[in-house]
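Encoded as structure tokens, the following chain is the form predicted alone, with no partner shown.
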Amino acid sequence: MLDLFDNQEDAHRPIISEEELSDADVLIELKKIKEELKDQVVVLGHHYQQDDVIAFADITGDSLQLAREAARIDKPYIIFCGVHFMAETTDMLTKPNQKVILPDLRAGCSMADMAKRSEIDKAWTFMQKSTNEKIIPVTYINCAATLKAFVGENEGSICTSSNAEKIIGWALKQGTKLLFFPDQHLGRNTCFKMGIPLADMVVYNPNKLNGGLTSEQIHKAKVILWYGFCSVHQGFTLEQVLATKKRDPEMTVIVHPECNFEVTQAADDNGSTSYIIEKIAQSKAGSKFAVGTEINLVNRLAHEFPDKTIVSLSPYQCLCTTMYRVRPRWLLASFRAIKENKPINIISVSEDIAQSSIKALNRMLDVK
């Protein structure tokens, strides 16, 4: 571990644990140890991380961008400042000799937790019995590796919020029905944008018998949506959109497609995290945006583009609390462990799960 003391007498004192250090000392040591281990470690930071974590990121982006960047990295350690499913995806795309580390193992995703492999398997059995038509499963990248493996095993694909329309279009050419999980809102908003009526979509809720659906409903539906959702993006409401437009008609309301249907329909625009960033970056000086996505990103955009008005659509703090679990002191703990050659919080996906998941990832990457 990096010694915080300067003289010989102090050097024999026990190293102060990460929990005991002041916030200021954590940042000082992090800066030093990151420089010391720069040839061994790359830090990836998701857009939703707080600024004091992003400050130590070598590469920032959304989950897929970061996974792709990780696949190009040769350094032995990758610290992923994000949530569990993102670190899993990164592990599957990196080399066997590399280790992917998540600073806090409790950094999960409530949406990803709303779909479990056992529930998907059970639902799939019911759906297969309910119709002779071919169902193609598509999972949002925001899910566990076991679900990515499921779609890999069943001729399906992964998608992101950036390419959901393209992947869903591909899926409906492979079969006549779509099973989309775990986020119902991204599925609904994308399918409606593609011209599929809401009447042709049903929601499967694993907490109900047969998902709360009959075999006839499954047979008639074109799109079967899993019941999951992002708790952050459900914090944005139709009332907020209408109030913003009334208060300032010049304000452009732009939201993430994980928001509910009423919000995306009332907004001026909607798109992935990268789409929102690009849209704001390319707008002219003096532009005004009310943004419906995670507050750390909104605040960062406001700081980055001071010549524009950028505010959150919600008057409340729409914070991703699981992302918030990754703090500088846990990042420091990861660095200290690497320095001691005793890395902690390593995320490792088993070979069988990884192989099936990679099939699904490759299908996504092959769709033009």
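Predicted model, so just to flag it, every value in this text is computed and none were measured. Residue numbers run from 1 along the displayed sequence.
There is also a form predicted in complex with a small molecule; it is not shown, and the following applies to it.
Though the partner is left out of this view, Y140 does reach within 4.5 Å of the small molecule in the model of the complex, counting heavy atoms only. Contact between M86 and the small molecule in the model of the complex is found at the 4.5 Å heavy atom cutoff. For the chain shown alone, K148 is not a contact residue for the small molecule in the model of the complex, no non-hydrogen atom being within 4.5 angstroms. Mapping the unseen interface onto this chain, T90 falls outside it, with no heavy atom inside 4.5 Å of the small molecule in the model of the complex.
Using a 4.5 angstroms heavy atom cutoff to the small molecule in the model of the complex, all of H46, S63 and H233 count as contacting. Segments offered: 148 to 156, 251 to 259, 124 to 132, 219 to 227. Contacting the small molecule in the model of the complex at heavy atom distances within 4.5 Å is 251 to 259. Distance criterion of 4.5 Å from any heavy atom to the small molecule in the model of the complex singles out S272 from the list N296, S272, T94, Q240.
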